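Here we start with a single chain on its own, the form predicted on its own, put down as C-alpha cells.
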Amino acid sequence: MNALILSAILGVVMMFSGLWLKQKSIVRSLAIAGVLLLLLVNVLETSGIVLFKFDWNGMLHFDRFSLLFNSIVFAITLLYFILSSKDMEKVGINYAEYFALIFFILCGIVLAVSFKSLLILFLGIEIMSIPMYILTGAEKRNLKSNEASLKYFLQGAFSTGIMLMGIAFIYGDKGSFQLDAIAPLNGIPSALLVSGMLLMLFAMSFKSSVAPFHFWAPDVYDGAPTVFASFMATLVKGAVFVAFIRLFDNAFGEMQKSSWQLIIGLLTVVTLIIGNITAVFQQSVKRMLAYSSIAQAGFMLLSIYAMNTDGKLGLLLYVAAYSLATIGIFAVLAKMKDYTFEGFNGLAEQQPVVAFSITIFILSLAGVPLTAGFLSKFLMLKAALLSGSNTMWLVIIAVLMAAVSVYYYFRVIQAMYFKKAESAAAIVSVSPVFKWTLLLMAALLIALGLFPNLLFGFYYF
C-alpha cells in the first residue's frame, strides 16, 4: 500500500518537475531518490509499518509474496536508473516525463501483483501498458520506433478486448469480480467459466509474449529505444507473470488438473521451441535478446504449470536474475553504435570490465552453474517435476531448449574475447559509476546463485 500511493505521487511530481527543473542532472537525481524512497517504504511495509491506511474493500491484498516482488522491482529499477538514466537524454526532449511514465508503470505493477478483484487486475495491466506504448514511440524521428509503438498499441488494445470479454464471461457465471467468489467450484465448471478462463489465459499470454501470441514482441523490442526496451522486456514481463500466477492460483486453482494445466504445458513447449530456435538465426544482438526473452517466458510458465511453493519462489528468483542480466546487457547496447554480433568484436580488449560483466550476464541467462540464472531454472524444473507424475516430457524439452540457448548466448562471449575489432571504438566511453554498477549487478547474480536465501529469507522472515 505504501508503494502504491507513493509511486502515483512520484509520477505526478516527476511529470511537473520538467516545468521547474531545467538541469537534467537534478531531474535524474530526483528520480533516483524517488525510487530509493519507494524501496524503503516497501521494506517498511514488509516489516509491518504501513504509512497509508485505506479500506480497499477486499480488492487489494498486500501479502509477503507481492511485497517481496515489489522490493525486487524497486531495487532493480534503482540500478536501471543509475545505469541508463543518462542514456534517456538521447531519446528526446521530454526527459522528466520519461521518469514520470516509469513511475506510473511501477504503480501499475503494484496493482497487478496485489489484486483480489479482476477489475484491479485490468487496471494494473493497463496502467503498465499505456505508458509503455508511449515510451516505445518516444523516438519520434525514428520510423522503427513509430512503427513499433503503433504495432504495440493496436495489438495491445486487441488483447485488452479479449481480457475484458473473459472477465465478462467469468462475471456472468459467478456474479462477482472477486477472486474469493470465483474460486469455489461446485461440480464440473460451466462452459461460460471455462471460456472466460481461456480468454484470460490468452490475453495474459499476449501481455507476457508467450507463443503463439508473441508476434509483436521482436519488432517492438527491436524498434523501441534500447534504454526502454530493457525495462519492458524484464520488470514489466515479470509483473505480468506474477499477476498470471496469482490469478490462476487464487481463482482457477480448483480447475487446475482438468481445465488448464495441459494447455499451460503446451504453451510452455511452443514458447521454448519458437523462442530458442528463432534466436539462433538472429544477427542482431538486440533482436536475439528479444527472441530469447520469449524463450525465458517459457521457463517462467513452468511456475504457473506447477503452481506450488517451489514454482512461486523460483519465479521471484527468475525475475530477479533475468532482469539484472538483461538490463545490464541492454545498458551496454545503448552505448554501442553496432548492435550486431560483430559490434562486440574485441570488446574485451577495449573495455575489459564491461566485457567481464557481460560475460556473467550471459552465463546467467544461459543457466550456467554458480549463477542465479542456473538456480532459478533448476527451481522451475524441480517445481514442474513435483507438480505431477506426467511432467517428465516437459522437463526434458525445457532442458534441451536450455542447451540450445547456450549456442546463441555464447556467440557474444566468442565475439568479445576471440575476435578482433574492425574499428577502434566499438563502444563509447563509459563512466566509473557505470562500470561499478555493472560489476555490482554481476556480483548479485553470483551471490544469488550461491546463496538464494539472501532473497528467500525475506519471504520466510
Partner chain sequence: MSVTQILFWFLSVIALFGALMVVTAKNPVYSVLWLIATFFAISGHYILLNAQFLAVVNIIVYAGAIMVLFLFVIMLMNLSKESEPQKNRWLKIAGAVAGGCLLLVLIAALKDADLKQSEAMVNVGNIGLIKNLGKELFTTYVIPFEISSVLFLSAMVGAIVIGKKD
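Quick caveat: nothing in here was measured; it's all calculated off a predicted structure. Numbering follows the first chain given and starts at 1.
This protein has a second form, the form predicted in complex with its partner chain, left out of what is shown; the following refers to that one.
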Ok, 192, 183, 79, 336: which has a heavy atom sitting within 4.5 Å of its partner chain in the predicted bound form? 192
The listed residue (298, 225, 343, 131) that reaches within 4.5 Å of its partner chain in the predicted bound form by any heavy atom is 131
Does residue 75 reach its partner chain in the predicted bound form if we count a contact as any heavy atom within 4.5 Å? no
At 4.5 Å between heavy atoms, is residue 140 in contact with its partner chain in the predicted bound form? yes
Report whether the minimum heavy atom distance between residue 87 and its partner chain in the predicted bound form is within 4.5 Å. no
Closest heavy atom of residue 443 to its partner chain in the predicted bound form, within 4.5 Å or not? no
So if I measure heavy atom distances to its partner chain in the predicted bound form, which of the stretches 320 to 328, 300 to 308, 112 to 120, 244 to 252 falls within 4.5 Å? 112 to 120
Looking in the predicted bound form, the residues of 84 to 102 with a heavy atom no more than 4.5 Å from its partner chain, listed in order, are 93, 94, 97, 98, 101
